[in-house]
Structures are given as C-alpha cells and as structure tokens.
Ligand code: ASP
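Just one chain is shown here, as structure tokens, and it is the form predicted on its own.
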C-alpha cells in the first residue's frame, strides 16, 4: 500500500513541533512512503519580505532579514541536535549562501522568476532539518529535491507540470526508503526553481500520489478535519466526515477552506481517497474525500469579508445584453479578478469581488470610462451550500441584502459588514 503524507508549516513551526512530528510517524502502525513538507511557520512571509529587500536598494535591510532567517532556522537545529548539529547546521548555512547568491544573480529578472528562486528555500531548509531529525530518531529516510522530481514549464509562480517526465522520475524512487521532499516547488528543464501557485503544497501531494498511483493521501492539519463552516466564526460548526470529490470542489469554488480543486483533480482521476487528519489529536476520526460522499447533504456556510460590490450600467440606458456582459467579463479576466457573486438585471450587472487594490483600481478606472458605475465597499458575502429557506432567513436576520443569487444547491447574499455578527450561528 502506497501512502503519501503532507505536513504544513504549523506542524513544523519550531523544534518542539518537529519532535512531535517525529513521534507521530515513529508510532504509526502504517508509515507513509513519501512525506511532503512545507516551509516552517511564517518562513514564506519572511522570504517574501527578503525578496522585496533584495529588489530594493537598502542593503542593510536585506542583510538583517537574511540574518533573521538564518537565526530562526539554526535555533531549531541547535534545539534539536545540540552538539551533534554539525552536518545539519553546515547544510543550512550552505542553503542560505545559495539563496544569497541567487538574489545577486536574479534581482534584475522579472519578479515571478526571481520570486521562485527565493521562495523555494523555505521548503529546502525545512526538509533538510526534518529529514535529518527523522534519521536522528531511527526513522530512516532520504531527502530529495522536488526541483529534480516535479518537472514543470517556466511559467513562474503558476508552473504547469510535465506529467510524463515527473512520473518517470518519481517512479524511479518507488520501493526505496521513506522519501522526504518539498511541497509547493518544482523545477523547469533549464534548471530553475518554479512554484505551483495557490495551494501548491497540497497540489504537490496530489502530483506525487497520482504519479505513484498511491492508495491514499493524508493531509495533516491542526484541526480534526474539514468543517461545514469556519469554527472560528460559527459557534456550532461541525465536522464533515465524508465528501465526494464533486462536493469538495463545489465548496472550494464558493470560497470554503477545503482542498483546492487542482489538488483534487489528479486524485479523482486515479480514485485516490484523501484524508484530512489532526496531528494534535491522533484518535480523532478524519474527514475523507473520495468518490462517495455522505448520504445526507449537510448545509455548509462560507463567509467572505472585505468584499466590494460594483453595479455596472450602460450610460445610454440600453440593455445589459450579451455583448456588454462579454465586454465587462473580458475586462475582469484581464484584471486577474474572480467574481464571487454575479447578479444581473435588464439594465444592470452587479459583481462582488475581493478587495484587491492593485487589481481592482485599474478595473474600476477602465469600467468607469465606458459605464455608469457605483461602488459599495466594506461588505460581507455569505454563501450557503444546500440551503433551506428557513436557514437563509435565520442567517440573514434583519440585514439588508445588497445582492443575491440562488438555486437549489447554493444561495449567496451580500450584506454590509457593519450589520454582521462577529460570531455566527447556523439555525437548526
């Protein structure tokens, strides 16, 4: 049975977390064949700040940030290995020297290309430390560079996988010792690092599982599984024990913090089940995404805040017909924005969008040149999967609905954020 595990940054955020991860794997009855690991804690954020400093002119700021990155990782190395840290510490130093050299080489490149040559070091550093710790505690493993395993094109920050070459390289590892490798990153044929875009670490797991025709994927989190609402915002959120691939994709489309569709697609093709388990509560039953979901659809609620509503009308009071909608949506695509809700009438098209100033401002300026445009800000979007009228009315209470959309499977309502509660409750 071939199993692939993925651990995110929270599970390896410091030395204590890495120890806990080692104990978890050491005591599991069935150990995985491949472990995919993210960067430690907030390392990716730190690397993005380092990238900005490298592309700027403040050398002192850059050096300070690089030193902070070095100190954070070597602190964990020292806490784990003490006086036996020699080779691990040396390798961490080598990686940071490589990172510094890459900044000098790529600082004048296009930002996406430079970004990928920087961000990959978060995962390279974390897996170097984690794999060394596994071997330290007699959990034999081999470290492998995902830049040499997951082969992609050179579309930096959203690379496309060369499935045939990747499959060949991964299958060459099959049957050997436990493999520890990085999530989120790959490599192009010209030898540069690439990244896989949004939710790239989960996607890495799916790529590996697909290419190895794995029997199971397990993504370990600091929560027991997937929920029908954000437990931090809903006081009666409950765990979803079984979901179909299709149901998980629908929830992700609505903005739920579930598994991204691009992760599910390779698993669905091979019919590989995905489990979401808690690394803090090993006895807690996992959520499972597979071909067969739960028999009774459970209403799921998704809250999206910091939303903007654009109401768009033709200036000549003509219809908002297919030609004009085609024009508006084309501009939306060009701006790199996604409409979270679309509500239309004979002379009006309303779009609910995330507040993203760098992309939203040029779109608004473009639309305002040709259309009558009204903007409403500071809004909250409620999306409900498997709604009932009673549930919708209970969630809406007496709040004004600025825009809405609905069908038998999904309903969305847009409210002013000031009218929304801090903690929501799903009516029975």
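As the structure is a computational prediction, the values presented were derived from the model and not from experiment. Residue numbers count along the first chain shown, from 1.
Beyond the structure shown, there is the form predicted together with the named molecule, which is absent from this document and is the topic of what follows.
Chemist: Considering non-hydrogen atoms and a 4.5 Å limit, which listed residue (76, 127, 201, 152) is close to the named molecule in the model of the complex?
Modeler: Filtering the options by heavy-atom distance leaves 201.
Chemist: Considering the named molecule in the model of the complex, which of 380, 65, 396, 44 comes within 4.5 Å of it through any heavy atom?
Modeler: By the 4.5 Å criterion, the partner-contacting residue is 44.
Chemist: Just checking whether residue 35 would be counted as a contact of the named molecule in the model of the complex - the rule being heavy atoms within 4.5 angstroms.
Modeler: Contact with the named molecule, no.
Chemist: I'd like to check something about residue 116: if you look in the model of the complex, is any of its heavy atoms closer than or equal to 4.5 Å to a heavy atom of the named molecule?
Modeler: Looking in the model of the complex, residue contacts with the named molecule do not include residue 116, since no heavy atom lies within 4.5 Å.
Chemist: Please determine whether residue 184 contacts the named molecule in the model of the complex, using a 4.5 Å cut-off between heavy atoms.
Modeler: Yes, residue 184 is a contact residue.
Chemist: Which of these stretches, 192-200, 348-356, 139-147, 330-338, has heavy atoms within 4.5 Å of the named molecule in the model of the complex?
Modeler: Of the options, only 192-200 has residues within 4.5 Å of the partner.
Chemist: Since the partner is left out here, which residues of 118-138 would have a heavy atom within 4.5 Å of the named molecule in the model of the complex?
Modeler: The one in contact is 123.
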